[in-house]
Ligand code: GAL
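Single chain ahead, by itself, as structure tokens, in the form predicted on its own.
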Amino acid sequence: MTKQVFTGGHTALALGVCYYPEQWPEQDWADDARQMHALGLHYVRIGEFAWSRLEPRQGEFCFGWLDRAIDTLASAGLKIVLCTPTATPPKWLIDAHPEILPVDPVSGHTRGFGSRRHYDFSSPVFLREASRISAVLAQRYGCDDRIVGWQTDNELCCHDTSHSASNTARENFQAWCERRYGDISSLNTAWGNVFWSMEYSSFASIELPFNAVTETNPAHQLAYRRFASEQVIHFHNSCIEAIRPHAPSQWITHNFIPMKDTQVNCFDLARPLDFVSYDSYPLGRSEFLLGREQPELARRYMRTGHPDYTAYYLDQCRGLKNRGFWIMEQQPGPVNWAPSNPRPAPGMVALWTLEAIAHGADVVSFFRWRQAPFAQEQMHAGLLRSDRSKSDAWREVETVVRVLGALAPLPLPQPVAQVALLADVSAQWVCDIEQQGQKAEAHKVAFQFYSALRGLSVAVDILGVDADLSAYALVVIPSLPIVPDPLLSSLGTIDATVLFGPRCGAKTEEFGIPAQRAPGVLQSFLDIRVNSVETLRPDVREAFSYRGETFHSRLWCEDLEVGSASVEMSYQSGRAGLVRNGRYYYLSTLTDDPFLDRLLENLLTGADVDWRKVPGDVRYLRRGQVCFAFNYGETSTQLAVDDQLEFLLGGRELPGHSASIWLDDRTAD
């Protein structure tokens, strides 16, 4: 077969679908493939849960069915993404090696067979077996030009599987601690183990930080989370290394879930991939975000998803590799795994698909082709119903196909942002370990800042702490208790305005209070010290004034000692709420949305970044000359654009639950 030359990913816009040929009668495959191609789909993902069919017994491989499926799909004109099946170890492997199973850190019980993701990242046996099956598949299909690329595993760390309390995990953690600290005395000092008589006499005596009488040492917990993150990354890297030598012309990606759910350094996890993919489920994710805490918003966006929540993770995916990405799974209808599972409002499947493209997606692949009539996901919709009739999403996919045809001849560079929002998993770890106050969670704080920026029609790059920040006019750091030295150096050399949120710089590398109090190393930019912190009940709002308007603080409130920095806003009867030193700002409290809007408006204006306030349910974005607008609301709105512009979809009148796309060379980046 002709060997492809891999050039780093796919750039032409296209659609795809997830397909499970092993779950359907073989006589249906050809008609399924024909319909996929006729609909306008170009890619089909297969094989991610098929280990038991590929290797029904140890070392006994059955590739005939997969060969025929690949041939059937490719003969219909489809390009194939082949998955490694490591997310579902087969029963024979568990029977032979039950030590592969993870141990739930909360209950202490071994998680059993019968679902998925039933493996321990610390298991050397499973690492060996996962690498083996990945290599076997790559050896067979790595030079097959019908296979364009690979997806590793499936949704790493989904279902809270990044952590395990197994004996193997404990032994690996002990070895990790010895490598990091060198001698046990250094570990005891770094963790402050003299407190509560927690000192260890040897690395072999170190326990995992679970199931104690009350909370365990936060430094111990942070060390374990660093270790667990590295275990996941090591496992994933090993699987990639098993594929690469046999598939040099095929790309490798992984389908991420929301970064807050992985508990892993996703920037490091993405590093060896050619590009990243994301599994996008706007309704289910919004229900988990809003359902219990903001029921009014949950009801309002029940059939659309929150206007910024999906975009937040789309921009995270673009930032993981600073390039285009795929949606490997796009919700096409009701799902089966959220507390409630409504149908998408008419028009939303098309809107979500086009929104992903606006934020930088190259390919959007729908999950799944056909609704399963058996097993755990019977209630999860597909493009076809279980009887092979067309679902409600079909016509919306047809609409998207027409739009992509209009976009195809146009240059479509990635979105250009003048604002960077920095994210690091350590912020989530610190806030989870030492919560201090209910609801003051790092990912929620970051999302509030992001949502405020998107409500001002500002493109945002979500970046890691080691990113090059030289091209940005405004850098926003909502929550970063541990500030690494390279970032500190970078922030001292760039010309951007920098806004720090509360709790930034509050912890040392080993989860202690800095010697000169918080914000620790940030005192090189701002002459301030945190005297004390109070956290408020979630139902408490306290009024303050800023530039003649009244706003409210909430949840997290710091009392600052201010030296030479200027106080820009005060709250709580004179406490400094916002301080400034030149281009550096520090906000000492969490606030309501209106204040954050006003503050960011002022900072954007001062940084010479264009912004415009839009109706609450409308969002804008552009890729070069191509401009997008999305209306998450129910009612129509009039876009503030020239009606002489060429519209590729819709017009100036933007109905509810719809998108408009137009060309505007005058303001193209």
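Because the structure is a prediction, the values reported are computed rather than measured. The numbering used is simple: start at 1 and walk along the sequence shown.
One more form of this protein exists, namely the form predicted in complex with the named molecule; it is left out here, but the text below deals with it.
- None of 229, 353, 255, 426 but one reaches within 4.5 angstroms of the named molecule in the predicted bound form through a heavy atom, and that residue is 255.
- Put simply, of 225, 575, 554, 380 only one has a heavy atom within 4.5 Å of the named molecule in the predicted bound form, and it is 380.
- Screening 488-496, 267-275, 151-159, 510-518 for residues having heavy atoms within 4.5 Å of the named molecule in the predicted bound form returns a single hit, 151-159.
- Interface membership of residue 367, defined by any non-hydrogen atom within 4.5 Å of the named molecule in the predicted bound form, is confirmed.
- Proximity of residue 335 to the named molecule in the predicted bound form: non-hydrogen atoms within 4.5 Å are present.
- For residue 598, no non-hydrogen atom is located within 4.5 Å of the named molecule in the predicted bound form, even though that partner is not displayed.
- Put simply, residue 129 is far from the named molecule in the predicted bound form: not one heavy atom of it is within 4.5 Å.
- If you take 512-549 and check each residue for a heavy atom within 4.5 Å of the named molecule in the predicted bound form, you get nothing at all.
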